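Coming up, as structure tokens: structure 1 and structure 2, two forms of one and the same protein chain.
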Structure 1
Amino acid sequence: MHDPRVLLDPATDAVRRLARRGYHLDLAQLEKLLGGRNAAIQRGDEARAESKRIASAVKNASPEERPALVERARELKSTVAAAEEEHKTLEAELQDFLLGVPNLPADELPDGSSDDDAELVRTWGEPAQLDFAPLDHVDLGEKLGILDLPRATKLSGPRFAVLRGQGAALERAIGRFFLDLHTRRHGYTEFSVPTLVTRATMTGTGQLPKFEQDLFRTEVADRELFLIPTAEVPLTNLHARETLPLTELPLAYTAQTPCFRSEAGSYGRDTRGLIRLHEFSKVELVRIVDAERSREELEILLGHAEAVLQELGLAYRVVKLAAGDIGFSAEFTYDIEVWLPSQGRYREISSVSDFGTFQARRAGIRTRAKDGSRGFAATLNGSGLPVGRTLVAILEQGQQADGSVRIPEALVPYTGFDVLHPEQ
């Protein structure tokens, strides 16, 4: 959420910047809502101030003047009530308006609105030259006996997966490897957090109110809870409505959680395999930092996500997303894309974003400097990494002519095996 005054400030250039992501900002409407709200607050405050003066005058008033004072105080009550009513209405309208305004894309991002418009930052590792036709992860997984999609569909419908035997063990190993790397080498604190959260929590990070159709929603009795689409939601909101001393930042948090996504609107896309599921496991990285330093922190975070792929020896590239392609709450996003031999191209495996103070304003994550001055923190997050898509990359990049798959060396201590062999 934005500070309305910042949006209205011509120096912000908000209309042009939001237009880059296809959002039309109605400045006139915003001005009207803000002005009306402030005027109502003023009126209420003035009337209330007079009430207070009268109230304290009453007890020292002579019996003759008392009735007039009490009468005047009674009148003021309705003035206050009316002003408050108007304030409440306009406040709600203003909030609705502001909650729907996306974050301002950073000027450094390329123009455009699709992943084709992304700008290549760097590539790492060489896509292996295979002297055989590569299988995709579904065929590999089935031949190896570690993946059972038909039975997943039997249990839950499309877009779910069952991993079996060494496949399940591999998933567990990958998650542990990620967490160990981030906690031991990158300094993250590991959390175990709820995967069902309230509407307010979802609003804090920007999933609500706009993207309810993307979420799984539960309702038991009169209680409504949402399944998290990413651990970003609980991790970032851990400090909602808190004031953090600047000296305690940056905070670096990580958690492995299941992630639930409705994938509404992606019918027919990536219907095969583990790429796009309603439920998948992911290790998420969240940083809560001094807003002054957010862009530097983004580079640090990106490095942490990249380190995972480097440790695994998986070829990937980093791209800077186009201004029109970044998420609602983001102002700057890098995507990390991993090489998939079966598709002959790079596919997104991690998204690393700087949200500036956008989420912090929604969630109320404040900072206090040593001199007492106050502000909002910046929040960042990145996948570090999703387990399923990593498994896909490991299978596909590690496949050999005989149908076996080499397990990355770094993972072997976690798996206890270094090769997966096809079942006969």
Structure 2
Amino acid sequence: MHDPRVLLDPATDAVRRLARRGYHLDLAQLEKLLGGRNAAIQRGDEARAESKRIASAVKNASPEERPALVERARELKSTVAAAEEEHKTLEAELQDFLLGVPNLPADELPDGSSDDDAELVRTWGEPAQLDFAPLDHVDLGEKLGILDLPRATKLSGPRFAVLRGQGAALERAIGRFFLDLHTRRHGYTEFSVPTLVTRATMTGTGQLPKFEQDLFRTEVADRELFLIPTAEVPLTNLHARETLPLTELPLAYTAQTPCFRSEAGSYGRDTRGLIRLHEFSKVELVRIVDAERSREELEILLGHAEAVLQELGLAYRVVKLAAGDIGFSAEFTYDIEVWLPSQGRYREISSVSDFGTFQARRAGIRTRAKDGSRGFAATLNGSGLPVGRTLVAILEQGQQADGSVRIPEALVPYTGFDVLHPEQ
């Protein structure tokens, strides 16, 4: 969320910057709401000050003067009440307005609003040159006997998955490997967090109010809770409404959780198989940092996500997203895209984003320097990685001509096997 005064400051250039992501900022409406709220506050303060003077005057007033003063005191009481009510109404309208304004994209992001507008940063690994027609992960999984989509549909409807046998073991191994890498090598603290959270928690990281239609919501005994779309939500909000000493930053947190997304509006090829499910497992990385170091910290976070793919030997590339293609809360985003032989192209496996102070303002995550000065933290997050999409890449990049799949060496200690063989 933004400080409205910053948005109104011409130096911020908010209208131009937000237009790069396709958002029109109504400065006139913002100024009207802010000005009206401030005027209501001032009227209330002035009426309270006069009311105090009248109260003192009443004590020393003559019998002839007292009735007029008492009447004036009643008028001022009504004025204060009206000003407070107007302030409350305009404050709510201002907050609703600000909650709908996305973050300002960084100027160094390229223009555009689609994958085609992303800027290539680097590639790692060479996509394998297969001398046979590659299968996609669904066909591979079914031939290997590890993926059962029809029974998942029977249980829950479309866009759910059932993994069996070595497939379930591989899924479990991937998550354990991710967590061990990030906690032992990269210094993250692992958490086990709730997957049901409050509306305030969802609002803190920017999922609400804008993306309510993309969330799974439950209400039991008049208690409203939302299923998390990513562990970013509970991990970031662990410090909601807290003040953190700058000397304790950065904080680096990770968790593996199920994630739930309605994926409203998605269609086509990605709805087949494991790439775009309603429920999936993901290891998330969150960093809470000094706002002055957020971009440097983003590069660190990106390196941690890349290290996973490098350890697994999976070819990938890093791109800088266009200003019109970044998420609502982000000001800068890198996508990591892994090579999928069946599609002959790179596909997103992780987004790594710098939110600046945007989420911290919404969630109330403040900082305190040694000299006592206060500010807001910067928050960053990235997938490190989604288990299902990583499994997709392992199956496709590791497939052999005989239908078997080689497992990355780094996972063998976790799986106990190094090759998946087709069912006979």
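These figures come from a predicted structure and were not determined experimentally. Each form is matched to the other, and the largest set of C-alpha atoms that superpose within 1.5 Å is called the rigid core. For numbering, take structure 1's sequence and count from 1.
Matching the description of the form predicted in complex with the RNA is structure 1; structure 2 comes from elsewhere.
For the chain modelled as two rigid parts, C-alpha superpositions between the two structures yield a turn of the smaller part by 18°. A C-alpha shift of 8.3 Å is found for Glu65 between the two structures, based on superposition of the rigid core. The Cα position of Ser51 changes by 4.0 Å between the two structures once both are aligned on the rigid core.
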